[in-house]
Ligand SMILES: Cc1cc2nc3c(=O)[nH]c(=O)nc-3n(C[C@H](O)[C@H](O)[C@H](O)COP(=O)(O)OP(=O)(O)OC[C@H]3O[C@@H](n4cnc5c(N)ncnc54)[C@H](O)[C@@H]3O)c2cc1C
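Only one chain is shown below, in structure tokens, and it's the form predicted alone.
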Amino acid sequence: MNAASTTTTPDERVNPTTTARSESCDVLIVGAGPAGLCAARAAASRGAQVVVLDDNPAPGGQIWRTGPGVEAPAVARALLREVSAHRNIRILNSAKVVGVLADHWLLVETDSAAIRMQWSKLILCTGARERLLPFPGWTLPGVTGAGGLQALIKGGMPVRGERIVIAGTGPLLLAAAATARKAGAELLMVAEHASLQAVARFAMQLPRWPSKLVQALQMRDAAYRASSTMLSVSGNGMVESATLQQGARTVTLACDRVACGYGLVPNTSLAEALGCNLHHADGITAIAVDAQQATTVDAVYAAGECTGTGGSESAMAQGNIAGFAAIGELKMAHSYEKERARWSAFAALAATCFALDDSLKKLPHPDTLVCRCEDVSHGAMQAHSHWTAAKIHTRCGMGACQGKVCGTAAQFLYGWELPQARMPFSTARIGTLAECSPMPATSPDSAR
């Protein structure tokens, strides 16, 4: 395999004013979470030149995010040491993919440069984002997602002494609660939307995965309540109280902060732009892959939460398979299939027990904002029959988040299909966007 290189394309010889540099590698990995790091370690094991792109300032992804006084778990630290020991792995932090330039070429933006990146094999480990569902008061300062609360606390936000209510559904709620308690917050309630029967069914199966059972026991919280749903948040310019449906009764709690999340949604924009097929199951759209984690596009693989949410253990198994498959080490890839199957079964159980139901569609009132960026209400959205019509008439999805929040909510609330993501995939500097001219037709090896 060839060493990573920096080259000059025909475009750049004709246009000397271009600010982008061109680079190439054997294996390009997008995402430095558990899946991406495992894929990098596997792909580099036989000498392939590997580049890992991640939009965070440090590797680890959302699940292994660190911050002031927050250390990554032992498994993450060990994996990072192994990855760092490979001289043929280069991690570009604070780097985001802006668009697809041509076959085997991506446009990437870092803090200081635009890069035209050419690859022979590509592994998508783009992770997932939190699903937020609108309810009255969800736009008040002090309301975040459950995962968002975790990220803020790990980033140094002080919550000591604050009264916090966490609501939504799924195992992430307990993880967020544990993070908040450790930081000194007072947990008033962890409101799980799933029924007590569903939670009990999930808990009874945990002995099949001993590490998850131990984790659940460590994070158990006296404030946890099943069959409980966030109805609204009130306050004068900030959170002051939260009203919840708890079984047959309604309760209002005076509080300082609310975190509410309804699971995770795979990030598939880059895969869609590359032409990869998606699969739909349990209300989730994810990247379709085969037994080797290969997508339907030649030389493109995918691993981790972007193929379906399943936790760090599943992501690591998939990342190992994708990394070895990308360099042709199919025997090594096969050796991780049993582990992948084991954690896929856990993911399937969680998806079943914490599935969303139609009662959540009744949470927003007509005047509740669905698109926070453009101040578009639930009533205004309901006046249209599909996403494109709503976007044209109301500007929903045209704000800073580019539909990542309101589009996901609209899929659940109205059953709308969203159009394929278009370039640029994220906000970018004008100088970077100026590099979006078509690339010359080249083979994956021509720039080396």
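Source: prediction; values computed, not measured. Residue indices: 1-based, along the sequence shown.
Below: the form predicted in complex with the named molecule, not depicted.
Note on the interface: of 182 to 190, 122 to 130, 272 to 280, 226 to 234, the segment with non-hydrogen atoms within 4.5 angstroms of the named molecule in the model of the complex is 122 to 130.
This chain is displayed alone, yet in the model of the complex one of 239, 79, 289, 97 has a heavy atom within 4.5 Å of the named molecule; that residue is 97. A heavy atom within 4.5 Å of the named molecule in the model of the complex is found for exactly one of 401, 70, 413, 63: 63. In the model of the complex, the named molecule stays beyond 4.5 Å of every heavy atom belonging to residue 144. A residue is said to contact a partner when one of its heavy atoms sits within 4.5 Å of a partner heavy atom; residue 43 fails this definition for the named molecule in the model of the complex, lying far away. The closest heavy atom approach of residue 260 to the named molecule in the model of the complex falls outside 4.5 Å.
In the model of the complex, no heavy atom of residue 28 sits within 4.5 Å of the named molecule.
Scanning 245 to 276 for heavy atoms within 4.5 Å of the named molecule in the model of the complex gives 264, 267 in sequence order.
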